[in-house]
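Next up: a single chain in structure tokens, the form predicted on its own.
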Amino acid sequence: MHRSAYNNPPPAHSPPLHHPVPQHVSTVPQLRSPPPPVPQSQQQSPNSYGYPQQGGGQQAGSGYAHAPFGGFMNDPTAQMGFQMGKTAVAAGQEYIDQNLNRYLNVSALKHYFNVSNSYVASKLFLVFFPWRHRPWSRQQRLSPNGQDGYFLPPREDINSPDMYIPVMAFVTYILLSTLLAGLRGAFHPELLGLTATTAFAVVIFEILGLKLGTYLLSISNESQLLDLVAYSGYKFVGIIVTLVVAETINAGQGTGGLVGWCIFLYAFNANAFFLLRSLKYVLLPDTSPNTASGASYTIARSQRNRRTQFLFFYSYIVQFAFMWILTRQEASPTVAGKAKAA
């Protein structure tokens, strides 16, 4: 018996699948926060090129508006903190000004730093070459009321004392002394402090001596202390010139020798002559009753002679001692050893 081959029946064809197609299309709007309102003045104000600003349209188009610093500046707590900090700073500054003015007149001190480049150059030349300068009297100007007078600032009067040159010369002297000691091989760590201490002591002792002399001679002046401090610092100009020139010529021998003494004597005489002429209006006021301030400074002849002697003693004797102390420079170890061997 023969069995016929089994044939698979052909697969049945299923109908194609159709996805449902919506008949009514609806769009869901995107929910976004509205932009902040733009002031009318900002919309109408032109920019730096003359065209109206487009900031509001750009922000509206982007749809997002961020406050600066994340809205921190608009926080009431932050604003209260800023206000308290501002109040504390103002109170601290007022407290410092009130307590500082008890010991130092800041407004008067600013007068001594009112300088210019031309004044500094002319004043340095005057301090070192005072021989032919005329006149030495300070210039005054009447106040708006037309009665009281006041001295012109250093910027407008070369005879007016300043504190810019003395302060800069004082600092330069300290640094220059240590630098020259290092070049000679005589530097040690304590030299900087020792030089600064010596210079401070000389200035303080000089000011105390001047105040004592003005007190004993009954000399009064509105800005006497600040004037004396300023004039006491001009000697550092001659000291600096002496150190530089003597060190350059002597080649490590310090300020000793014939050349060093010649330079020192010239700087000393120039400074003494400058002080003798400049301090005359402080120690020997004008005897004329027709001054700018309308005050009469008539003094007795004997008292005027004592003031003249005090001025001469301070300008020559005292300044010679102080300038000699400040200009002493030791020779380098190599030069000193050669001198001893010879």
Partner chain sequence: MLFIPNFGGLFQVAILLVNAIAVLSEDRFLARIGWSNVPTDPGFGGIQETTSVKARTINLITSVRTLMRIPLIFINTVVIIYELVLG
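Definition used throughout: the rigid core is the maximal C-alpha set that superposes within 1.5 Å between two forms. Numbering follows the first chain given and starts at 1. Worth saying up front: this structure is predicted, and the values here are computed from it rather than measured.
Separately, the form predicted in complex with its partner chain exists; it is not shown, and the next lines address it.
Contact check for Y173, S177 and Y215: all three have a heavy atom within 4.5 Å of its partner chain in the model of the complex. Taking the partner from elsewhere, T197 is found to have a heavy atom lying within 4.5 Å of its partner chain in the model of the complex. The closest heavy atom approach of F129 to its partner chain in the model of the complex falls outside 4.5 Å. Contact between K280 and its partner chain in the model of the complex is not found at the 4.5 Å heavy atom cutoff. Its partner chain is not drawn, but in the model of the complex it has a heavy atom within 4.5 Å of Q303. Distance criterion of 4.5 Å from any heavy atom to its partner chain in the model of the complex singles out F205 from the list F205, F125, W261, Y150. Screening M163, L191, V245, L225 for any heavy atom within 4.5 Å of its partner chain in the model of the complex leaves a single hit, L191. Partner contacts here mean any heavy atom within 4.5 Å of its partner chain in the model of the complex, and among 226-234, 183-191, 262-270, 82-90 they occur only in 183-191. Applying a 4.5 Å heavy atom cutoff to its partner chain in the model of the complex picks out no residue from 120-140.
Put the two forms on the same core and the Cα of E156 is off by less than 2 Å between the shown form and the other one.
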